Structures are given as C-alpha cells and as structure tokens.
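Two forms, one chain: they're shown below as structure tokens, one block per form, named structure 1 and structure 2.
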Structure 1
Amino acid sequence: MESVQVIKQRFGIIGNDPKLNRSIEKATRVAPTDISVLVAGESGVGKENIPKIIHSLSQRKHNNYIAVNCGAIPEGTIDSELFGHEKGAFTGATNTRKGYFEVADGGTIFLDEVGELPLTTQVRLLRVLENGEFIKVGSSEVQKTDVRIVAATNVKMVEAIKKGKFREDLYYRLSTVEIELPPLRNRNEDIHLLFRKFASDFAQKYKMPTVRLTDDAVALLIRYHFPGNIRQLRNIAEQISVIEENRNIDALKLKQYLPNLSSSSLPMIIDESNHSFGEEKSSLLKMIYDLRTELNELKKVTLNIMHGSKIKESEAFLETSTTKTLAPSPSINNNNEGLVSFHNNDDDIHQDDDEEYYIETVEEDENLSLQDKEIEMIKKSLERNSNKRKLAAKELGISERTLYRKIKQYNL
C-alpha cells in the first residue's frame, strides 16, 4: 500500500496534521473495497481530494470517475442528470439520454454536497445503493449498474435528518465509512506551510517575487478562524501576491485581508475599518431588500384592511400571484424569512419557489430596480469570488442552486 506521504505528493496535498494523515490513511484502506464513503468537513477543507484518492487506488481506476455537485444542479433536472431520461419524458427531452449512473458503470461517482439532494432523488439513490437498480426518467424498464459511491457534505447530516430533509436510511447507507477532514483553524502547524506553498505558486504564476510573512503576521494568521478554510487561505495568498508591492507582509498589512466575520471568528481587537467595501455594500443591499419586503407585506395587509377582507396574510400572498401556480409552502405562512429574496435559509427546499413568489408580488417598477440591484449584486459577488458560485452564493446568503437559477434567468 502506498504510504500517506507518497499519496499526498501525488495529489498535491500539503500538511502534516495527524487528523489529515489519518483521513488519507483511511481513504487508502477503504479504496480497494466497494464500501460507500461519506466525506465530512467544513467548506474548503479539501474534501474533493478523498474520492479521487479512493478511485485511483481502487480496481475501478480505469473506468469512469464522475464528480457531481448535487447542490448546483437545478432540482427539476437532477433525476435526469443522474439516472438519464427517455425520449419524450418531458418537454425538451428530444433524445434518450444516459445518466451519470449509467455512464459510470464499473467506476466511481462522487456526490458532492449530497445533503442538497431533493427527497425524491434520495429515494432513487437508495435503490441504486441497495441493489444497483435504477430507472430512467420516463421509463419503466429497470436497469442495473455497478457504481461505487463516495459522497461529501458540509452540512450537519444529523440535523438535516431531524428536520426531515435527509433520509436516515440513506445516510446510513452512504456513511458505512465516514472520513472527516479537520478545519484549518485546528491545523496550526499547517497554516504557514500552506500559505508559503500558495505564495510560491502565485509568485510563479504572476511572475513576481514571492511574498513573505513577518513573524507577527504568521502569529496573526495562525490565530485567525478561517471560516472558508484552505480555499480562503489560498484566496488570501493570491490577493496579497497580486496586490502588495512590498513583498514583506507584516501583521498590520495582513489584517486587511482577513475579514472579521464575527467577533467569535477572530479572538482579537476588532477594527471596524477592516470591513471590505464589498462586504459592507452587500449587507446594505440586503438590508434594502429586507425593508422592501416588509414594506410590501405592509402594503398587502393595508390593502386587505381597506377591502374589508379578513384573509390571512398567507392567503393574501397566494391571491396576488397571477402568473404562477405554486403550492403553498409552510414557510410562506410563518415569517418574513421565507419571503425575502436574499436569506440564509439554505436548507429550505421551498426557497426557490418562495423567492419567485415574492418577486412576482411586488409592483413592476419596484421589481425592475430590485432586479437591477440583484443582478448587480450577483455580478459583483461572482467577480469578488473569481466566479466561484459556491463562494458567491455563501456571500449573498442564498443557496448555490438559487444562484445557479438566477445566473441562468439573467443570462449572466
């Protein structure tokens, strides 16, 4: 069996953290079997390396390896993407199409962000896991496939199960072996190592001298909370490498690149001037959205009173929707959060519907300016995050799927 060090070199994995080494070792041990593996860990910790290691050290290595980002595929097409469809199964299905589970027969499928799978897809997935059977969308013929599944998640699955968003039986099937990757903040020894590696990579890429951190900057970097983990560290190293003329970076300079997301994320004096302009603008725009929503609701309530109607708020919203027939979802009734365009309830599978719902109920001129702002926010956020949808979605406080839909909707 290849040693952990050799594998790290092969896959460009930097770091000597004992938990990281243990995870890699676990991956190498489980690789030759067909056991399902669930990779768990915060966003940006390097989960995508694990399925690649598993596939390349397995008997399946000469067959297909397909990585699917379950969170980025719109809910309406995910079954067809995964399991294929028959000609005529739905509007636009002009040909029969093979799904990933058919294409990856004999190989490995990596289901990234598996917690985002709709419940109906979870049922199909459970069947494949149990006996290798699946049915194309629009077909009645049962097909067989032999696929090894590695899944990854950065959401707390136990909570998702409790909320009824993830099937418990599927969770147990997927997580026969669980491999957890540690957050960067717990890998003190690796932080500077990773920074040096990234700084040297970017120096080469941009043909500039390598940036170096002074001792106080290193100390500051190690104390930082890194909510975005290795991905964030890499972005910070890239920004500094490109922007800073003086290649010696001290703590004061470095501080400008570490967003103080919350007081708990950085156990040191908070300097308000450190907020980036982009961040402030985003939160201001979000506030405007929230205010608009409240105003919109108030308008409706007032209108109802004026019309002497005793319809409940939720029904009022349903009535004003003219172009779409949407099933009333419980989140419409409960509070504002389900109605605003930009909110943090990533887990809410009804979220997309609610947003469209809201947008359609506002008056047209408001709608236009809101839309312009929305487009601008999305564009800016994508720019800031080098077109990484996941990061932009996080920054905007919406799910990746919603962002995907909006990018398509506005042709961005």
Structure 2
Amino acid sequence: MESVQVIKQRFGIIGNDPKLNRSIEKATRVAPTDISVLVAGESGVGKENIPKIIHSLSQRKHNNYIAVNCGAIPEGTIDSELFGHEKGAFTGATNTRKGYFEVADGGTIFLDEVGELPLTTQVRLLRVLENGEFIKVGSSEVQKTDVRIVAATNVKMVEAIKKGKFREDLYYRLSTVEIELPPLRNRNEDIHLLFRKFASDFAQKYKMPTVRLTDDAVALLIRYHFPGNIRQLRNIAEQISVIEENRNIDALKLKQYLPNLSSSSLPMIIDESNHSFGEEKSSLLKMIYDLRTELNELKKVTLNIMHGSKIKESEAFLETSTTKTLAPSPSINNNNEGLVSFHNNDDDIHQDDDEEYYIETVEEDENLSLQDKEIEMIKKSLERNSNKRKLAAKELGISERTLYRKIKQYNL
C-alpha cells in the first residue's frame, strides 16, 4: 500500500493537515474493496480527488472511470444519461443510447453532487446499489452492471433527509464508508503552501515572475474565512498573478482581492431576523420599563404617606411632651399599618429611625423579582379577559405563543 505522502505527490495534493491526511488514508484503505463511499465536504475543498485515488488503487483501475456532475444535468434527462434509453422512448430519442452505468461496467462511477438527484432517480440508483440492476428509459428489460459507486456532496444529508429531499435508505447504502474533507479555513498551515503552489503554476503558465506575499499579507491570508475554499484561493492567486505589476504583494494590496473581508474574520452573529423573536424581545423590554415606572410611582406615594405620618407623630408628641415615658413602648401609626417606631426614655426624638426603615423597605421592594411581577400581571390580565389567551396577550403587548409559553413555564 502506498503511503499518504506518495499519494499526495502523485495526485498533486498540497498540505499536511492531520484531517486531510486521515481522509487520504481512509481512501487508500477502502480502495481495494467494492464498498460504496460517500465523500462529504464544502464546495471547493477538492472532493474530486478522493474517487480518483480510490479508483487508481483498486482492482478496477484498468477499466472505465466516469465522473458525473448530477447537479449539472437537467431533471428531465438525468435518467437517460445515467441508465440510457431506447429508440423512441421520448421526443428526440432517435437512437438507442447507453447510459453511464452501462459504459462504466467493471469500473468506477463518481456521482458528484449526489444530493441534487431527483427522488425518482434516487429510486433507480438504490436498485443498482442493492442488486446491480437497472432498466433503460423506455425499456422493460432488466440489465446487469458491476460498477463501484463513489458519491460526493456538499449538502448536509441529515437535513436533506428530514426535509424529504433525499431517501434515507439510499443515504445509508451510499455512506458505507464516509470520508469528510476539512474546509480550507481549518487548515491554516496549508493556506500559504497552496498559494505558493498556485502562484508558481500561474507564473509558468503566463511566463512571468512569481508573485510573493509579505509577512503581513500572509497573516491576512491565513485569517481569511475562504467560503469558496481551495477553488477561491486558486482564483485569487491567478488574479494577482495576471493583474499586479509589482510581484511583492502586501496586506493592503491583498485586501482588494479578498471579498467581504470585514465580515470574514468576525465571530458568528446570531440571526435575529426572526420576527417572533423581535416581537418577544420588544414586549419584554416594554414590560420591564412599565414595572420600573410602577415602582417609581409606588415610591412617591409611600414617601407622601410617610411624610404625613411624621407630621402627625410630631404634633402628638408635642401635646404629651410634659409626661415622661417610664419604659419603651411601641407606637403604631394607624395611617400606615405595619410601621412601628419606639421612643426612648430620653427626651430626644430619633426621627431618623423611621426614615432608615423606610429606605430599607423601598430597596427591598425595588429589588423584588421581576418574575413575580410578571406572574402577577399575567394572572390579572387572564382574570380580566376570562382566561382568553388571545385577548390577554394583546393587553400585555406580547404574542399569544409567548403568553402560552409563560403560562406553561410558571404553571399558571
């Protein structure tokens, strides 16, 4: 078995990333078998190299190798392309035609972008995988084929299955062995190596000196997100090689060739475009603001009550000031139940005691849990609207779905 390094040299694969090496190693190990392989990875990561490696190291290497881009063939003709058709099977079918599965008999067929296959074609492909049989379009005769299938996709298959766009049984037949190639942004050490290789190739192609990057340009290149992966890096190297007269490229010049640079290196931003999320957020902020306003109003009312009770206490004290209190006794203010003050035997009146008590009470009120207030508001609104959630939600300024969730959350 050839080593990973020899395979990379043979197929022109650049890079030393451990995940890349692991993918190539899996390809070399599975190649001698007839197991179906699914190559996964983003667009532009070089998925087409894996089926070539598998075919070249297999016992089928002397037979046909056919690569088919399933996403580029129209839905109306893809069955004919893959399985062939009989003369007169449809308008324009003037001759009998062999399909790729018939032509590749004994060899390997690479189905690129297999996630784009129509569901009807997926049924036909499943039959080939299960028993090696297919039927031409417009024919009733079953034909046999011995083909090794390697498929590739940049679609997240689990999500496609959930959406009903890809058959689950076909996915499991294709992915007997799954090989995933890492995106370029996860191969930091390989980015500059690849750029130098592309720059050297284009210098030879266009017969001009090789472009080189300064240190700050290399640092910028490594930080870039590369949504188009290796294909995008190759295009950037080609543009710079052709356009720039100065063959030393600094970061300022490189920025002109890196689209959406401002957003490429930033952390992921949570998408708040969902209207229901924005509605709930606005409603909660409004509720908090209203609670704050109510607390301030309550503070003012309580201050007025306390101020009035203080005046009354002072008047009552002046009337009875000629009599000394022999022992401490509680004085309860009828106008403000629960507010208790104690007078000492001394003639001094400690008027600050009640004020301190009030401040502590107000602080405690102000620090009451917003959740309790929220529960109280929801209960009152439901009572006022005869437990009709739609009307209560409208009164509270929130969506009915949010109200239902909060009722469930607070066990109301």
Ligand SMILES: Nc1ncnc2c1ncn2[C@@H]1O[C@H](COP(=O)(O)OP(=O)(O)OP(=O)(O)O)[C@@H](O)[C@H]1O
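The term rigid core refers to the most C-alpha atoms you can superpose between the two forms while keeping them within 1.5 Å. Predicted, not measured: the structure shown is a model, and the values here were computed from it. Quick note, the numbers are simply positions in structure 1, starting from 1.
It is structure 1 that shows the chain in the form predicted in complex with the ligand. Annotation: Cα of K8 displaced by less than 2 Å between the two structures, core superposition. Core-superposed comparison between the two structures: the Cα of A393 travels 2 Å or more. Superposition on the rigid core between the two structures places the CA atom of L20 less than 2 Å from its counterpart. Its Cα shifted by 46.5 Å, L403 is compared between the two structures on a rigid core fit.
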